[in-house]
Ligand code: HEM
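Next comes just one chain, in structure tokens: the form predicted on its own.
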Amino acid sequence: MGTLYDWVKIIHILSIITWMAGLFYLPRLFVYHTQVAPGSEASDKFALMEHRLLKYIMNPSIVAAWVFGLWLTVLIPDFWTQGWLHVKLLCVLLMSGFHGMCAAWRKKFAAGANRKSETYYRVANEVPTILLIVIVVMVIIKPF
């Protein structure tokens, strides 16, 4: 049937998957949103999609990822003394900060006040990928 640890880990991984899906998709929506006129029907449609993605998928996912991730640290002895965990947590904090930046960008788009370029969002779209690679390496390899 699985232990409590197994179930907490499963929910943690599922929350990360949904959170990451949003972090990959929202900046891509911003790229497309820069290509339409503010206040247009297309702009309003993008603003609605961005709002729903953040509110109904990304925000609950980040909360669940943090709650179940911290719960895992309680279930594993000596978890906090492992060096790889510190690097992972730093990357998760940076990812959480990126999530916050996405929320701020979404508000600017909704208000018709975006001043950033399509290229800016294309580059920003790579940030979660880089952080995810470091996190996965830390969790699987545990180099220190």
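Residue numbers run from 1 along the displayed sequence. Here the structure is a predicted model, which is why all the values come from computation and not from measurement.
The form predicted together with the named molecule exists for this protein as well; it is not shown, and the discussion that follows is about that form.
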property	result
The named molecule contact at residue 69 in the predicted bound form, heavy atom, 4.5 Å	yes
Touches the named molecule in the predicted bound form: residue 106 (any heavy atom, 4.5 Å)	no
is_contact(residue 7, the named molecule) in the predicted bound form, heavy atom dist at most 4.5 Å	no
The named molecule contact in the predicted bound form: residue 56, any heavy atom under 4.5 Å	no
Joint contact, 12, 132 and 142 to the named molecule in the predicted bound form, by non-hydrogen atom at 4.5 Å	yes
Heavy atom within 4.5 Å of the named molecule in the predicted bound form - qualifying residues of 71-101	72, 73, 79, 84, 85, 88, 89, 92, 95
